[in-house]
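One chain is shown next in structure tokens, namely the form predicted on its own.
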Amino acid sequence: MTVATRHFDILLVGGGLSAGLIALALARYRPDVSVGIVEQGATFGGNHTWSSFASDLSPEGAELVAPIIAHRWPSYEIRFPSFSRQLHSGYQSAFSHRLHDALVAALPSEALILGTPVAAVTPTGVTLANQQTISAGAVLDARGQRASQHLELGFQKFVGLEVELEEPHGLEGPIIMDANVDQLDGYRFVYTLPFTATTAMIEDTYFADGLQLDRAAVAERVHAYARSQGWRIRRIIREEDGVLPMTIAGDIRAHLATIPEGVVPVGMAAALFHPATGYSFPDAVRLALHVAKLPNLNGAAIDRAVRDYAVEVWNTRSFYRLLNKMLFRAAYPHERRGILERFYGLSDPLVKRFYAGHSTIPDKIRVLTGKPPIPIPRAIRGILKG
């Protein structure tokens, strides 16, 4: 008989953003609960930059993530062919290496299990690839988005280069969308985060139908964009890339049912990301606080609570999925920039509430009224399809 080598009250499988924040929240609010976290990579958090708007987080959420926020800016810029504008909303970026450092500081060393693939997951523990087992009172599966026949998805794909420039770039804040670029593979824009006067993350991004990402070709477009801005790259500090889901439609209960009962789906696995932007950071913060504040932290109680929470969040976001239906089903790829261009011409407070997932009824009416960027009959067919 195999004997468990370790036991934790709560075991997190996968050491990415959602698991890391849940572990930090439990360490802060429930220090009496033993927490373990298993990650197959060499560090927690992987190689990522996570960004959010300051207004996306509650004061409590902002306090939780303060150690992992690396940069803050008071405003950001949007650029389209017909206009450019500055939006005066706070913006911030967190680094994955800071999440790793925060976990090392918050949890005992025996709770941090790195470089260890997981072979099997059950409601009461995991079996590692080396056949060691770890038992737990609750097991939370945070291994990310997985394919699901119950979700219809579009994708946000990107390749980002963090670069050091020969001379200052001259930016005072991020450019969240520069859509003054050739429209390839759907809706394309470039996203730039200025970290210092001469360093920045430049990401070439696509809202597209398929998963394919030619990393080398897109990285070369980053270099071409830098040249177009008059920036000369001295060296590449690091690279990152990703293919993030954008929800169009689906059956959230059926999706959650694909994860065995008793194994708690968290983060991207529970479809906890903004459907229309792909941002996952605010949802990860909110879920971490939600879990840490549960009155009962046994496995069955956490599983019920998190699945109910995921369904509740899904049900509040039908408006954003409606917009995605028009973007991905009804609009031809070359029309998508016009849809986003019209949206970003709306008021600063409306855009801020949209990103936070708190659009009001007047906001929704304003987004859907006016001269439509695509023909109404085609928009209706896109909405009803599926």
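A residue's number is simply how far along the shown sequence it sits, counting from 1. Quick caveat: nothing in here was measured; it's all calculated off a predicted structure.
Just so it is clear, the following notes concern the form predicted together with a small molecule, a form of the same protein that is not shown.
Stretch 263-271 is the contacting one of 173-181, 301-309, 249-257, 263-271, since its residues have non-hydrogen atoms within 4.5 Å of the small molecule in the predicted bound form.
Between the options Tyr76, Trp314, Tyr187, Tyr279, the residue in contact with the small molecule in the predicted bound form by a heavy atom within 4.5 angstroms is Tyr279. Comment: the small molecule is not present in this chain, but in the predicted bound form one of Tyr225, Phe195, Phe158, Phe80 has a heavy atom within 4.5 Å of it, namely Phe158. In the predicted bound form, the small molecule stays beyond 4.5 Å of every heavy atom belonging to Ala106.
Remark: Leu17 counts among the residues lining the small molecule in the predicted bound form, judged by a heavy atom distance of 4.5 Å or less.
Using a 4.5 Å cutoff between non-hydrogen atoms, Gly125 does not count as a contact of the small molecule in the predicted bound form.
Interface residue remark: Trp50 is counted as part of the site for the small molecule in the predicted bound form, having a heavy atom within 4.5 Å.
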